[in-house]
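Next up is one chain by itself, shown in structure tokens, the form predicted alone.
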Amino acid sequence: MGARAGIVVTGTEVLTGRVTDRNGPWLAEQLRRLGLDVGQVVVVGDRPEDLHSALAYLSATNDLVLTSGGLGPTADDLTAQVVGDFCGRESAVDEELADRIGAIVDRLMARRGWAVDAEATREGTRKQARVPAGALVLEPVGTAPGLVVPPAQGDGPPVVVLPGPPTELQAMWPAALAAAPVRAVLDRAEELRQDTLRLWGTPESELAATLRRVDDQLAGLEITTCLRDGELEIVTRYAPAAGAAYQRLVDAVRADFGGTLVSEGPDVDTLVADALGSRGLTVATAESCTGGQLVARLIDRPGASAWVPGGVVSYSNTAKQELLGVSAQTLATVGAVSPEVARQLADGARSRFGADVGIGVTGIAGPGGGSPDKPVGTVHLCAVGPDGVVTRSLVVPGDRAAFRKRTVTVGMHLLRSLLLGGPPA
């Protein structure tokens, strides 16, 4: 591999899980696309000594180090100061930058109608305007500027200091890439490809046997497998020179798992959306146990209004009857959690919204409500469309949240099977 990069995500709120890290994975993928291999994403709390240790660790093996977070006006926002000290550069207030940040803060406070302590605001503004000598300032997107800090001595990596809010970090990213120290690293980068094969209904143990069988043919490939909600992803990173080895991997997977190979690239959400869009079809949902998470997943991409007219969450039997036309006799005879009701929910959604495709979901999310005949985790799904009907009944393991998440994934594959064929859901 060519040039490497490491990432430090700062903030006790991220370290403790109160805030999910969105910056580390985003930065890693952006750098991968630019040909930089990211080997580590390190999360540290708001302690200067921990950030300093992380910088030292990453600087030993990487050509570029990036940080996110810790650039605010409060006492625990110390990233810029610690990075400056680490790089051997003294920090001082950039008065012009302080004025620019102050103007931003004034506009923000006026727009929100907040009454603020002028002295406290001034001190916070000047803190954010402290810049290590010789650093390149990246203009603020919010109130915090970014920095590109080269080492004062030696041949260590430059450190890119970015704000914590993902929208600010992403908006500042082009400016960071344009900085000369970063460009110098990117000029040494090599193309790093990443491709994904997706299987549905294949256990990891079977795939492992295939990978062992062809292992001596896969030199130069970095292969990662991940089983998520029944989907088995094979993610492979490789340099262009290993393209022939990747093709051998694809051929082996096709040969051994042609019946469960769903995609050689796009995820199931993209497959479903593209199928609906290309065929000019619409889909409506009727959900009980998943509480609207299936329709939320269907509309989680731009343009979804063209193929998703709506969905109904029908939790009670009364809602199932009145909103979707489920038969009272069916409910009394076989119960709400049954293949028959799943079919009537699908038909009802299709009819109520005038959609081409309808999908119904009914089940027992738990932890209570199960019985010997219908244990917790029992779920029935049905999708109806111009091409026919597909159904699925199963017991989904896990707690209430896991049940819903996994059931929604099954629902997406049910739609994929109805629209495109291939491995059954």
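None of these values were measured; they are calculated from a predicted model. Sequential numbering from 1, following the sequence displayed.
Same protein, other form: the form predicted in complex with another copy of the chain, not shown, and the subject of what follows.
Legend entry - Proximity to another copy of the chain in the model of the complex (heavy atom, within 4.5 Å), stretch among 243 to 251, 82 to 90, 206 to 214, 327 to 335: Going by heavy atoms within 4.5 Å, the stretch is 206 to 214.
Inset, instruction - Report whether all of 33, 219 and 421 sit within 4.5 Å of another copy of the chain in the model of the complex, measuring from non-hydrogen atoms. - result: No, none of the three is in contact.
Inset, instruction - Evaluate residue 367 for contact with another copy of the chain in the model of the complex, applying a 4.5 angstroms cut-off between non-hydrogen atoms, and reply yes or no. - result: Residue 367 belongs to the contact set for another copy of the chain.
Legend entry - Contact of residue 188 with another copy of the chain in the model of the complex (heavy atom, 4.5 Å): No.
Inset, instruction - Look up in the model of the complex whether residue 136 has a non-hydrogen atom within 4.5 angstroms of another copy of the chain, and give yes or no. - result: Heavy-atom contact with another copy of the chain at 4.5 Å: absent for residue 136.
Inset, instruction - Look up in the model of the complex whether residue 140 has a non-hydrogen atom within 4.5 angstroms of another copy of the chain, and give yes or no. - result: Although another copy of the chain is absent here, residue 140 would stay clear of it in the model of the complex, with no heavy atoms inside 4.5 Å.
Inset, instruction - Find the only residue in 156, 102, 181, 291 having a heavy atom within 4.5 Å of another copy of the chain in the model of the complex. - result: It is 291.
Legend entry - Within 4.5 Å of another copy of the chain in the model of the complex: residues from 31 to 61 (heavy atom criterion): Read in sequence order, the residues that approach another copy of the chain (within 4.5 Å, in the model of the complex) are 37, 38, 39, 40, 41, 42, 43, 44, 45, 46, 47, 50, 53, 54, 57.
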